[in-house]
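Take a look at this single chain, the form predicted on its own, given in structure tokens.
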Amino acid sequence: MNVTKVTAFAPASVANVAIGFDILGFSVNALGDRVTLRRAPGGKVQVRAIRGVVEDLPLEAEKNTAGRALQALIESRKLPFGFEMEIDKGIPLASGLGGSAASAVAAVVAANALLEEPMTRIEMLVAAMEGEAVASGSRHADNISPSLFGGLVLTVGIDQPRVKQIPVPEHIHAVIVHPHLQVSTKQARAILSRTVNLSDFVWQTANLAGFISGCYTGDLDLIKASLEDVVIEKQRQALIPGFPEVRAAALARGALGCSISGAGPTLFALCLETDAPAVRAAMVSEFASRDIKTDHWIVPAQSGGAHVVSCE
């Protein structure tokens, strides 16, 4: 193989999308992580450098999401070589934008370009999920899948995952507002109740089905009526100061729905492209009234997934 060095980019992502806890997510390629790999002898993973908006991450491969994903790949493919890795973080730590997933995804996409026999996307997904488990304590794909595949993605199953990209009407955009707070995924999962009321289960199931149906048929009214989380959001909103007011402000400016991105504290709102600037301004203003600074983006609800940036 002539290629000796590969750099790959993996975008941020919004997980859950309110009504699809651990199974639904969409990519946000306004920001993301880059991973550069070289082949190394000995079947080991060596993390040489971590740069960018987050630097104090573990250099031990087994404690690093990208490192563990590569270890899983080496184990599954029984590779006779390992990797030297450099990580450039573009996603803030504990932001709810899938930073741990993006590093793992970028690593396996870069590694794939260094293999004699390329992996399928599902093989890459499975390896990346092993890395995500380092950060969250469990394997789940709601950040991994959209970061890898791009767009709005439904993932069914863990051991044998099935991935379906869901079409979104072109005029729907996403407003992403990241308050300068940190909420760890493990913390946000730990507060969740292990039981769900039957009525809430029925309501949430109907909302998930209605949202997906609305996306396929372009039914904005059904999307708006369905984009409401009645299970997870009410448990996690206490971790985000001003959440009810920010959500209300977004809806008042025309958002189809507004909820927590992944474990938080980032919030997202889906809206028509024409309403997006007003929705963003309202959300940012509500956080500012509480002296909370924010980063914010307006992005298409459909954007690309992970890809190789350069090969040498």
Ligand code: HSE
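Owing to the predicted nature of the structure, the values given are computational and were not obtained by experimental measurement. Counting begins at 1, following the sequence as shown.
We do not show the form predicted in complex with the named molecule, though everything after this point is about it.
For this session: Evaluate residue 140 for contact with the named molecule in the predicted complex, applying a 4.5 angstroms cut-off between non-hydrogen atoms, and reply yes or no.
Result: Judged by the heavy-atom cut-off of 4.5 Å, residue 140 is in contact with the named molecule in the predicted complex.
Exercise. Though only this chain appears here, would residue 185 touch the named molecule in the predicted complex if you measure heavy atom gaps against 4.5 Å?
Worked result: Residue 185: yes, in contact with the named molecule in the predicted complex.
Exercise. Does the 4.5 Å heavy atom contact test between residue 189 and the named molecule in the predicted complex come out positive?
Worked result: Close contact exists here: in the predicted complex, residue 189 approaches the named molecule to within 4.5 Å, heavy atoms only.
Exercise. Would residue 178 count as touching the named molecule in the predicted complex under a 4.5 Å heavy atom rule?
Worked result: No, no contact at 4.5 Å.
For this session: Go through 28, 250, 270, 263 and name the one with a heavy atom inside 4.5 Å of the named molecule in the predicted complex.
Result: It is 263 that has a heavy atom within 4.5 Å of the partner.
Problem set entry | Within 4.5 Å of the named molecule in the predicted complex, all of 33, 173 and 297 (non-hydrogen atom) | No: no residue has a heavy atom within 4.5 Å of the partner.
Exercise. In the predicted complex, which of 82-90, 140-148, 165-173, 223-231 comes within 4.5 Å of the named molecule (heavy atoms)?
Worked result: It is the stretch 140-148.
For this session: Could you list the residues in 12-30 that come within 4.5 Å of the named molecule in the predicted complex, counting only heavy atoms and keeping sequence order?
Result: Going through 12-30 in order - heavy atoms within 4.5 Å of the named molecule in the predicted complex - the hits are 15, 16, 21, 22.
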